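Consider the single chain below, provided in structure tokens and representing the form predicted on its own.
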Amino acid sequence: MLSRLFVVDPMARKSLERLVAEIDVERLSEGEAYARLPELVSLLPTSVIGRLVGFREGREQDALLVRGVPLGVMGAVATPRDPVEAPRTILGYHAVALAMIGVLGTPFGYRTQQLGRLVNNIAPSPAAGRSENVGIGSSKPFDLHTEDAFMRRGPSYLMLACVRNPQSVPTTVSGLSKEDVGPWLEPLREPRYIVRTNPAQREWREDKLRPGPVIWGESDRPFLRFNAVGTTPVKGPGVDLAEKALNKLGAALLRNVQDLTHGAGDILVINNYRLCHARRAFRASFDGSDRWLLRVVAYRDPAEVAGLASFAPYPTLEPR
């Protein structure tokens, strides 16, 4: 199995209810929430911190689904019709999600995504409803990809915190199993693959993209950067072998897919160097009741964090 389920125990839930209620009253800005991140992490229940650290340091599962986080005021907020222009207020549920990914690494935003939000809204937009491979789409699928795979080093972790999901639309995850690892992966380690941007990252100039590997790291537990619709080998000697290995990787990832259905109060964290994720098409009503996830990304590597363009009021990445 690629993932593990952790259900918050009753005592920890009561502690989280108090934290959520406190922040619901305060209503923080994103900058205030980031400035208070160390405090917010320290206020998480010990059992939650322990499970997150175990996930971070473990080698058995690469996705963790935390179930039973209280929504507080957030449960009564309608799903935004415009995910980009929606209010940026940090309520208690947002704060707990930020604190949880803060155990794993440093959360950051992109200046070019959703007006530079630290917490992005993954909710269907009428303007993007029929668009493929966008988080705010609905009637078209989002194919398997690691988050921001066009970057040589994308985010270490992806978090998807569910506010509501009335149609039980799953988040699909996939990765390489122990049985998949073998010599056939070696061509994918060569720096000869271009991974193109998704529509949400159009401001990153594709003419500046440089070839890189699709697979790197340990031989028995390799890291992955992949986009099912945007990964291609560059032309030249050995391109046939490179393309054959890429096609075999795509087939392995399709073979290994696992659906994770999260409901209100479920927070999913994914090791973005180990797993791809995807979303199936669904029918949106745009009436305030649609599926709504909060998306946050984080770097674990201090060297990557140091390269972020701005830290005011929180780390923000600029197009390169």
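Quick caveat: nothing in here was measured; it's all calculated off a predicted structure. Position 1 is the first residue in the sequence shown; the rest follow in order.
Missing here is the form predicted together with a small molecule; even so, the following discussion is about that form.
- Only one of I49, A284, A278, L37 lies close to the small molecule in the model of the complex, with a heavy atom inside 4.5 Å, and it is A278.
- A heavy atom within 4.5 Å of the small molecule in the model of the complex is found for one listed residue only; from F142, Y157, Y193, F226, this is F142.
- Proximity to the small molecule in the model of the complex holds for none of G230, E243 and L246, with the criterion being a heavy atom within 4.5 Å.
- Of the candidate stretches 208-216, 82-90, 97-105, 134-142, only 134-142 has residues whose heavy atoms lie within 4.5 Å of the small molecule in the model of the complex.
- Taking the partner from elsewhere, D180 is found to have every heavy atom lying beyond 4.5 Å of the small molecule in the model of the complex.
- In the model of the complex, the small molecule sits beyond 4.5 Å of every heavy atom of A128.
- When contacts are judged by a 4.5 Å heavy atom cut-off, M74 does not count as touching the small molecule in the model of the complex.
- The small molecule is not shown here, but in the model of the complex it comes within 4.5 Å of a heavy atom of I122.
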